[in-house]
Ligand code: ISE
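Single chain ahead, written as structure tokens, the form predicted alone.
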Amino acid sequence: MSIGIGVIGTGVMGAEHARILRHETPGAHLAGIFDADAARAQAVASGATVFSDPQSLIASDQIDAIVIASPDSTHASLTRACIAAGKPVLCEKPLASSAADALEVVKAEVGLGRKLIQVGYMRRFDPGYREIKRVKDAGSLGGSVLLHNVHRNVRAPDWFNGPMAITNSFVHEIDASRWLLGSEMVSARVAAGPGGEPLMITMKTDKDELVSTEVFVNASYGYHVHVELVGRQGTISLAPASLTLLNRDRAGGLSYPDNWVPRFEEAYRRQMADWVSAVKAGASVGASAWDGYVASAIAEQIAGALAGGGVATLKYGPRPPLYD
């Protein structure tokens, strides 16, 4: 049976999710589209129903599950509407535009008594990240000591300012680090380079592991994400993501994409396929609403530390039993 998926928001990520649903996701089909720009929605729909508002899409009998890829400020209200309708959700990160709003989403899901929300932290589905997780969990590296992260973008858009390097980019490293290590972050230090970047963020876990992350959103040369796990008996890291090595004009090397979509194309495909399978089974995969809340809560506190003394003791309350 093919389940009908509705996509809310048809910007870069919404359009990519719609493409994956149309061409690369057996067992599901693109059933509905909504975007505030009706012409853009129509261009992405490719035969799917174009809805006049998100609430009618959520309520429609054509729609079995929803992908939310609309602006960050709409995520909390739309996920709560999906919870009220009893429909599963794949929500692009962040879960909400503030940790307080994300916690309200968690409370709504806890009140329902079952998990409907998956947050789109797609690195959990990337083959390289998954292999690091497998090797770490197998214990062949001994106890984990350090996790090094690098997050570099070509350039930040004009609207990307203030703490967004932390709350919109670094949240990926927060989620990936918690998932890879199976640990919780308890404290953080943050410092900025000349002119405000790059950022260097160091977190300590509840197991005394160290997590270092460089966030450089105007690195110029390309989109580049890297991670290395250091254990007592060895290390494991991502191999270069480029598919080829180019030799030309007396030089050779790797190539880097302009943004994250080509780099994580396979992760997005696997994320969608696994989510659809989970929806059919009434199960859950990937980052939960609680994970989404914790990532936002940690990011907010570190952003506050950047504006203050550079040090934060991280607090986000006990995890509800639903997420055990």
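Not measured: the values here are computed from a predicted model. The first residue of the shown sequence is 1; numbering continues from there.
Below: the form predicted together with the ligand, not depicted.
Colleague: Heavy atoms within 4.5 Å of the ligand in the predicted complex: which stretch in 241-249, 105-113, 191-199, 149-157 meets that?
Modeller: One stretch meets the cut-off, namely 149-157.
Colleague: I'd like to check something about residue 93: if you look in the predicted complex, is any of its heavy atoms closer than or equal to 4.5 Å to a heavy atom of the ligand?
Modeller: Yes, residue 93 sits close enough to the ligand in the predicted complex that at least one of its heavy atoms falls within 4.5 Å.
Colleague: Would you please decide whether residue 178 lies within 4.5 angstroms of the ligand in the predicted complex, comparing each non-hydrogen atom pair?
Modeller: Result no; residue 178 lies far from the ligand in the predicted complex.
Colleague: Considering non-hydrogen atoms and a 4.5 Å limit, does the ligand approach residue 144 in the predicted complex?
Modeller: No.
Colleague: Are any of the heavy atoms in residue 124 no more than 4.5 Å from a heavy atom of the ligand in the predicted complex?
Modeller: Taking the distances in the predicted complex, the answer for residue 124 is no, it never comes within 4.5 Å of the ligand.
Colleague: Let me know the one among 98, 187, 218, 168 whose heavy atoms come within 4.5 Å of the ligand in the predicted complex, would you?
Modeller: Here the answer is residue option 168.
Colleague: Taking the ligand in the predicted complex, which residues of 220-236 have any heavy atom within 4.5 Å of it?
Modeller: Heavy-atom contacts within 4.5 Å come from 223 alone.
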